[in-house]
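In the form predicted alone, a lone chain appears below as structure tokens.
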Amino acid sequence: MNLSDLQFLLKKYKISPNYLRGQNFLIDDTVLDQILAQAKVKKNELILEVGPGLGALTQRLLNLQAQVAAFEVDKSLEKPLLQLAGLNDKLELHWQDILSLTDGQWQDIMLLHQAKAYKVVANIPYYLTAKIIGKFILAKNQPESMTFLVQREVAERVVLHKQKHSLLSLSVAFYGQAVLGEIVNKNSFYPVPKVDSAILHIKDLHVWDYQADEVFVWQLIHRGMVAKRKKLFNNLLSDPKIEKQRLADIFIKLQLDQNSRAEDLSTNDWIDLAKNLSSR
């Protein structure tokens, strides 16, 4: 879909891009090809698409004969999407916020499609990136992979963190492997956003399999990152159950600098820290 095609559809269906929902329509077919190549979409496999918009990516998925369960909340897009669904019985539309989708609801959809596995492929609003990735990483039935078009800076922080972690990059690192795909110029969208985008592919997803309690590790991480500019050591001491001398001894044992910040710790550091703090 190019700009002329998009403008024709917007005029035909009397649709205006919703800035509050972060709607930036992709107008570069080459990028669509790159997304599909990264996702390795196969015939008949189930694809969960978030925010199909006017159906540019959706149509490409259908051309590959994939089964598509698309979730959209903007009812102004109903006419073009229903028309697309009417032409292809492999497209199933769900007018629901993806963040409200329960594990049980998705399991029922998978059963309906007779699918044992699925992939997530989407061009998602930038402001929902962390929430959507987090939702599927922690899903009871994780996808085989996730391929998103996201803000370039976010994708690079997830993949190229170089020991400067964020909550999102840690989430991905603990449960899967992130791959940075093609960089996408902002002019590939309409309206043109303020920043460039990138394809983020997350594969090898798995459940928590570390020798430390999952809940406790994340409690430590959230406590450590609650004030990012402050030292990790001081942030952790905000927990009255953690004794200062004991924490200092653990830092020495693990060769952690007391001046370090939470973003400096690797996944292994957090696991070791949790194991030592929980042992007596």
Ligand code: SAM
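Because the structure is a prediction, the values reported are computed rather than measured. Quick note: we count residues from 1 along the sequence shown, nothing fancier.
This protein has a second form, the form predicted together with the ligand, left out of what is shown; the following refers to that one.
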Heavy atoms within 4.5 Å of the ligand in the model of the complex: which of the stretches 60 to 68, 218 to 226, 247 to 255, 47 to 55 has them?
47 to 55
Between the options Leu205, Ala115, Leu128, Leu168, which residue brings a heavy atom to within 4.5 Å of the ligand in the model of the complex?
Leu128
Do Asn123 and the ligand come within 4.5 Å of each other in the model of the complex, heavy atoms counted?
yes
Mark Lys12 yes when one of its heavy atoms lies within 4.5 Å of a heavy atom of the ligand in the model of the complex, and no otherwise.
no
Would you check, heavy atoms only and a 4.5 Å threshold, whether Gln107 touches the ligand in the model of the complex?
no
Is there a non-hydrogen atom of Ile199 within 4.5 angstroms of a non-hydrogen atom of the ligand in the model of the complex?
no
Along 14 to 33, which positions have a non-hydrogen atom within 4.5 Å of the ligand in the model of the complex?
Arg21, Gly22, Gln23, Asn24, Phe25, Leu26
